[in-house]
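A single chain comes next, written as structure tokens; it is the form predicted alone.
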């Protein structure tokens, strides 16, 4: 009796093969964005295992090479001294950046092609949660090296969490273990970063994939002409698996080339936490929030009952992102136009949706630019004018252009 037959009798492998391994995957380059996000998560887990084996999540002072340093900071110096340790830590950093970018671009494709509509509302919401959770995990990773940069950047996040009226103190206690930095801060953030939030992220990824398999992929537009009414694609095994394997090897090669050429976050440049505050800019995916905080005067405060208040930190760091997230969550329930959900919509078919999306992208670009206002000598008045008129101009120009060229309204 062959091994396959023995396993088939117990696990019904033939049924598994027919149901999952022969699933048709559309052949389109944009569909690989989800795979790249999955590859990034796998690399983050594998490189994270190496880092956790050599890291002490503590701010207690230890002696390292004749100096008294925080244990977490000394751990990173030790990791960098190991063979390929600095490259692996750098790969972990860049994989996080790639995962944020690929999840965002994946959601952008879903938005522009209308693939968030019924019956795919649940997966759209799961995608938004995956993006939010990925960004939170990346932020927590900021704090762990416990150098001057990490402490300063994390204190900004701590201030934003604490600014939430009525709930801020509780959220700060839950996430940061009280005031940051304290003896409880790093163990709390470390547990969230390496255990609880990755488990939640893995569960959401698994659920996202199960729903996708159940509902089947949406089809590229060419499929409607080539094979109308049919699912067009290549089987999971062997063709899709082969393409994914090649893409994964290309991803690994590119990632480690980037990690070796551009070593991420050299902690010795910033040094351990001290009395001085280093000049820093957050990662690109936080820079737009940083820009909003730069633009909003600290004098903007609205008193609330019970001694609470709506502050500039809350407006820029919580209220504006929260409103954008709420609109995104509600989008499938607000956009109820009927469509052929088997096929992706072309952006030109829906000029209003496409132009609003372009306007929002320009909003993020201008807010990101505001993060460099001191370097460019910009005033808040100039930045606010740009933040209002550039996205509006981009929305109007895109809408008119699409209507003039394609003359359709979705």
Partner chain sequence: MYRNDATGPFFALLLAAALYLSAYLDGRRIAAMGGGYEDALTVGQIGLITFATLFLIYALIGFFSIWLEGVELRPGRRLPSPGAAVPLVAVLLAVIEAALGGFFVRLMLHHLTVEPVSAAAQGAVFGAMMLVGAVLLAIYKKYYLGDEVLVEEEHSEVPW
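Residue numbers count along the first chain shown, from 1. Everything numeric in this text was worked out from a predicted model, so none of it was measured.
Heads up, the form predicted together with its partner chain isn't pictured, but that's what we're talking about next.
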{"property": "Selected contact from 319, 101, 328, 126, since only one has a non-hydrogen atom within 4.5 angstroms of its partner chain in the model of the complex", "result": "101"}
{"property": "Candidate from 54, 30, 382, 357 lying within 4.5 Å of its partner chain in the model of the complex - any heavy atom", "result": "30"}
{"property": "Per-stretch contact check against its partner chain in the model of the complex, the hit in 169-177, 252-260, 294-302, 126-134 (non-hydrogen atom, 4.5 angstroms)", "result": "252-260"}
{"property": "Distance check, residue 220 to its partner chain in the model of the complex, heavy atom within 4.5 Å", "result": "yes"}
{"property": "Proximity of residue 163 to its partner chain in the model of the complex, heavy atoms at 4.5 Å", "result": "no"}
{"property": "Any non-hydrogen atom of residue 86 within 4.5 angstroms of its partner chain in the model of the complex", "result": "yes"}
{"property": "Heavy atom of residue 184 within 4.5 Å of its partner chain in the model of the complex", "result": "no"}
{"property": "Triple contact flag 238, 284 and 346 to its partner chain in the model of the complex, non-hydrogen atom at 4.5 angstroms", "result": "yes"}
{"property": "Residues in 213-230 close to its partner chain in the model of the complex, defined by a heavy atom within 4.5 Å, in order", "result": "213, 214, 216, 220, 221, 222, 226, 227, 229, 230"}
